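Coming up is one lone chain in structure tokens, specifically the form predicted on its own.
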Amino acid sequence: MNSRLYQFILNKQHHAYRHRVDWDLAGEYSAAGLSPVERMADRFERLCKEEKAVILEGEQIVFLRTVENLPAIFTDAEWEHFRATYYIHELGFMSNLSPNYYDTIAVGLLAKRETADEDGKRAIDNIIALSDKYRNEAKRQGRDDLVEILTQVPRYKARNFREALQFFRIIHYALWLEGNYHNTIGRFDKYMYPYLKADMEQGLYTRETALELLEDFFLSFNKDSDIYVGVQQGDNGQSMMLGGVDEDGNDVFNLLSELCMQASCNNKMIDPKINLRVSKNTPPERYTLATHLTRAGLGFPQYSNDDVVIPALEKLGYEHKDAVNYVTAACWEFIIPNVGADVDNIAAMSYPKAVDTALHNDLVRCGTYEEFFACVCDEIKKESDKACSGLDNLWFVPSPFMNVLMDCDIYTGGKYNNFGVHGTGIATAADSLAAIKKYVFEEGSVGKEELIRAVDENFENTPELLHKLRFEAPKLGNNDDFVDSIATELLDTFAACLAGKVNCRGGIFRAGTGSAMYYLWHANEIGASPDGRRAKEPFGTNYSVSLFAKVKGPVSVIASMTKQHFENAINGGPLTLEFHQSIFADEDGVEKVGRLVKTFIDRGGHQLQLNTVNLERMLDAQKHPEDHRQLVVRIWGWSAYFVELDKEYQDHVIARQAYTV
């Protein structure tokens, strides 16, 4: 590792090269009547010209953002018009796509230019001009190695591993500079390994020198990541997929896969975020290797199960050759590289809200639990219909360079144009229904109106009932079919409510098990709930047990959370488990966690993420953030530096259960 460069980046000394631009592009473009694509092309050209070529001492992979802001290209009035005319998703710019890095790196930008439209050609010309600026700076510094590399790429194809890495850095940098966000990395070890393999066979690298180069490359993701802000700092979508099978069923995992995990473990930075595809055929030692990365406390790798995901995607209509090539979007949603234009996080449905509505409108008149559950299903359908409504006439700001990199016309859509809908708070809903089923309908120990009144009063006047519901009632996560079967029915109902719906781009709606930030937002839409959750308390993140649930341990949680029919709800959304840092104190603990992950996969779990936590350190970090700058935690589908999070997100991580095995 280049320790000097590492400390330079870690201490944010490279920020000294940044500056802001104060350009009223929106007003200028509006007055000139420029089209959206003309505005994107012109801003990109101006930014490329404004960027300064900065080469830090000793770095092997270059390109650093020096302009820290992207001036608006539309006025507020124009955005109002767009939102009145179209459905605008999030910021309105393209995101959560996995472009075709491989073919671009393999042929060079000049070859791509031959088939690009005029706006794409303009983007390519500006990228090459900026690269030449870096080449000239390399000449000035006497960096002959960089001069040679930047003479070749990005104009022409990469000839070796380092040129391929540098080419990728330029492409990825350009996507952010153009204004796209949550730019993913794709199956990095699949498309990059041939370059490393050829160089290794020629004796150009040893394992150690290849690792050092890769560590430098991984640093490049962290140079500008603070500029790429999502809901919270760290939510930037720089997600890398490793492993998995190819179209013929061959295992893709290779030396580069191992080096990526080692580089991430050594750097201990939040980017890139590592995802690992596994299956029943994955050897145990790979889980042990991956658990060493978990031990580092970065919140990854996140695991995806090929045995579940590939058939489920095929069931939804994805061709086999595309399904086997799946990657994750910014967090955990499954997308298809090169040809997919799925909007994987377009809406969300709240299970607890459906239960809450049925509780207040229907419980008193229902004579049986089955009758009441049917009312809940009706509400899930209403909530699902509501989530899918108003999504017509979807429009994104055109992206000339992204369009160059996709194997489709991304302006009109891709080969796949499906919409993903999150399903939030499943544990809160399942636990609530279990309590109602047991205490209201089976035992009769809690009256219907009594329960409704207690929920509405936030249990302020019924402490005994609160304790009963919160700590004695059945909870998801204890391998109890009484409540686990309810979670299965809820998930199946949600998937069935979306089945057959067609979106405005001719695609389908995909049910998912993720929550994103809705574990806070949806929780604030209702008051207390019949599981003993009090008002303002959040739901569990993604597909996880309730924060206060008394569970036997991670084995019982995995048993509960692998019974469901994930083939019906494969948009993505992992079971999230927190482990206390002490469990990784020795190799035996590491191997135990690795075996636990294998158990989850072998039982048919679809997606899993692990978090390494230390309660005492997190509490101290809230008091003394300056002493814990590199404390990393997993939030919902991404990792972040704990001290950079808003307190509500810090508190949620603190409230999660820390397991031991």
Partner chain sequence: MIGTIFDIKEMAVHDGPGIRTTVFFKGCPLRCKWCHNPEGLSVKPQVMWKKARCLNCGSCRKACEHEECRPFGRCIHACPENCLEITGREVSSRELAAELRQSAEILGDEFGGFTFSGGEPLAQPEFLLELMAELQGFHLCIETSGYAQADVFRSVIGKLDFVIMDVKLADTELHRAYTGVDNGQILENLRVLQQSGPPHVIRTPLIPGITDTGENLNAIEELVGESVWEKIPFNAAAGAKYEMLGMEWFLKK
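For clarity, every value in this text was computed on a predicted model and none was experimentally measured. Positions refer to the first chain, counted from 1.
What comes next is about the form predicted together with its partner chain, which is not displayed.
Residue 299 falls outside the set of residues with a heavy atom inside 4.5 Å of its partner chain in the model of the complex. In the model of the complex, no heavy atom of residue 622 sits within 4.5 Å of its partner chain. Within this chain, residue 588 lines the site of its partner chain in the model of the complex, having a heavy atom no more than 4.5 Å away. The closest non-hydrogen atom of residue 87 lies beyond 4.5 Å of its partner chain in the model of the complex.
Contact with its partner chain in the model of the complex, judged as any non-hydrogen atom within 4.5 angstroms, is confined among 109-117, 517-525, 577-585, 420-428 to 577-585.
Site residues 122, 192 and 252 are none of them in contact with its partner chain in the model of the complex, judged by any heavy atom within 4.5 Å. The contact residue chosen from 407, 472, 314, 385 relative to its partner chain in the model of the complex is 472, the criterion being a non-hydrogen atom within 4.5 angstroms.
The listed set 415, 140, 83, 552 contains one residue whose heavy atoms approach its partner chain in the model of the complex to within 4.5 Å, identified as 552. Of the residues in 556-573, those that come within 4.5 Å of its partner chain in the model of the complex through at least one heavy atom are, in sequence order, 556, 559.
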